[in-house]
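Here you get one chain, nothing else, as structure tokens; it is the form predicted alone.
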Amino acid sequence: MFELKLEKSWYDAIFKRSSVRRFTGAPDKAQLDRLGDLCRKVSWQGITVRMFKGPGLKSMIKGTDVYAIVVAKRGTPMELEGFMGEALVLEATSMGLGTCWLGMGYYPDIINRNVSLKNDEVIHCVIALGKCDLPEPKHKRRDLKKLCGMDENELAAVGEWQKEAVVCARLAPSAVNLQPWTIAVEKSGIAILEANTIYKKYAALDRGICMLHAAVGAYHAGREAVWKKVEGGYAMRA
């Protein structure tokens, strides 16, 4: 589970990514084809990611009518939805496109009709995609010390790949920027764990996004991560 071929370009995308709601146009055909290839790669383990062009997004999203839908079989961990969906976000960002995770910014009746959901399938989020002038990222995130108990120098002393994993995980987007996770760092790996939050609906999905960022950071440092379910979350060994 959480097995995915990572791309080196996703590392830089983590630092460039910013949620966009105003676009200058839809992706062109070449960009759509490339994103479609990525959708096929991430569609497994109970997750299907599909691209659509047309009605479905609410008026808060302007300038594009292209979006991706993350469909999950019931019982699939929501973390996996975030993990696979964020892979599409980082791929789009690496192409210079803008993205926005949407929990409420779409019309469920239109989306469900487009997908033709089966009885054992569910949709929690949609991802808007389009051309834009990528804004300068303004990542308002918890201080590293508060997040994991260490600063960058202390993390590097444990291991360079742990440092990169935590730095990238810290920049993961989340619903209303609540960052519903804590990070435990040890010599053998790191763990992304549940944290108390007042908004639990998308917390597990958000943690999956965070896990993908951590895996990309580890990969940048030359390590390939393996995730294992542990009490309160997931641990990564690399």
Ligand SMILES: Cc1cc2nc3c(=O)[nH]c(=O)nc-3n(C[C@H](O)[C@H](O)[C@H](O)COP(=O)(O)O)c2cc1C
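Throughout, we count residues from 1 along the sequence that is shown. All values reported here derive from a predicted model rather than from experimental measurement.
Heads up, the form predicted in complex with the ligand isn't pictured, but that's what we're talking about next.
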Among 98-106, 68-76, 157-165, 114-122, the stretch whose residues bring a heavy atom within 4.5 Å of the ligand in the predicted bound form is 98-106
Pick from Ala191, Val49, Ile209, Leu57: which has a non-hydrogen atom within 4.5 Å of the ligand in the predicted bound form?
Ile209
Name the single residue among Thr197, Gln31, Thr182, Ser174 that comes within 4.5 Å of the ligand in the predicted bound form, judging by heavy atoms.
Ser174
Candidate spot Lys41, Ala169 and Lys228, all three touching the ligand in the predicted bound form (heavy atom, 4.5 Å)
no
Test of understanding: in the predicted bound form, would Arg21 fall inside 4.5 Å of the ligand by heavy atoms?
yes
Taking the ligand as it sits in the predicted bound form, is Arg141 near enough to touch it, meaning that at least one heavy atom pair lies within 4.5 angstroms?
yes
